[in-house]
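Below sits a lone chain in structure tokens, taken as the form predicted alone.
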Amino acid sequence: MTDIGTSIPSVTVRGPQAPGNTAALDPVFTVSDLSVFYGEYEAVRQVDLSIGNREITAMIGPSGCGKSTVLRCFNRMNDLIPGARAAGKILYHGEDLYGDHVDPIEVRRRIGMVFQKPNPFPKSIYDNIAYGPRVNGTKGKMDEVVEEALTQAALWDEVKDKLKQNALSLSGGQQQRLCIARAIAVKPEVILMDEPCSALDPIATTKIEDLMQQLARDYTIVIVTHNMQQAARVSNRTAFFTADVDDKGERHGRLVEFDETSRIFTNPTDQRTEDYITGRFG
């Protein structure tokens, strides 16, 4: 890597989207024949997809189908799990993300992560944002770095007068936006979000969804969500996963269908996709 050592319900989908264009024209990630193992267990089997530059890609599907496992492959978070390994290829701008020369720490700087539950550090709001830039040796005025990140995360106006307060004093929705600000403070290219709204109320969820659409002007975003309406509202493309059960009773996550979000929700090509979207299973 360069420089890295019944009928389908009516939904409103994000646009514009060209019909029939299932492959990203300007891919940030190209995934080929990806399988993920935990020891001998194959958790995810033979995934192929591409993630477009400055698009929002949603991953949907029932629990245990491998969505989060695939998401964590994009910044090599699975490396931290003993016995986990990935087979196949994930190319990041054409370079093998799992190549011997690639530094996983640099990968995680370029590809940020926001988790299901807000996890601010037990520090001030200011220090939460400044932590990453300080570790990375960011030059320049830290006050400007902090303000820019909080502004991008649509949080600056709410916290600018209490930057020295403990971040844990913020509401759940504010904490999640703080975590997004913390992720973008180190200037990543990609933001991964693993069910970022599952612990939030509807008002906070709406703010996060609005924020995602604003951030997609500058960042590539991949989101795992159980909320199909959320996927329909915010994403350009949607990947539907399910889990097959083999003759040993083991579940293996599989990608069933990947397409523009409008087509997935209004005219899917696979019956399993339609069954999930219409609530017949899952």
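Predicted model, so just to flag it, every value in this text is computed and none were measured. Note that residue numbering begins at 1 and tracks the sequence as displayed.
Keep in mind that the form predicted together with a small molecule is missing from the display, and what follows is about it.
Listed range touching the small molecule, judged in the predicted complex by heavy atoms within 4.5 Å, from 135 to 143, 165 to 173, 67 to 75, 202 to 210:
In short, 67 to 75.
Residue 54: touches the small molecule in the predicted complex, heavy atom cutoff 4.5 angstroms
It does not: once the small molecule is placed as it appears in the predicted complex, residue 54 has no heavy atom within 4.5 Å of it.
Residue contact check: residue 81 to the small molecule in the predicted complex, 4.5 Å heavy atom
It does: once the small molecule is placed as it appears in the predicted complex, residue 81 has a heavy atom within 4.5 Å of it.
Please run the contact check for residue 195 against the small molecule in the predicted complex: heavy atoms, 4.5 angstroms, yes or no?
Yes.
Give a yes or no for residue 49: in the predicted complex, does one of its heavy atoms lie within 4.5 Å of a heavy atom belonging to the small molecule?
Answer no; every heavy atom of residue 49 is more than 4.5 Å from the small molecule in the predicted complex.
Does the trio 38, 41 and 226 actually contact the small molecule in the predicted complex, every residue with a heavy atom within 4.5 Å?
Yes: 38, 41 and 226 each sit within 4.5 Å of the small molecule in the predicted complex.
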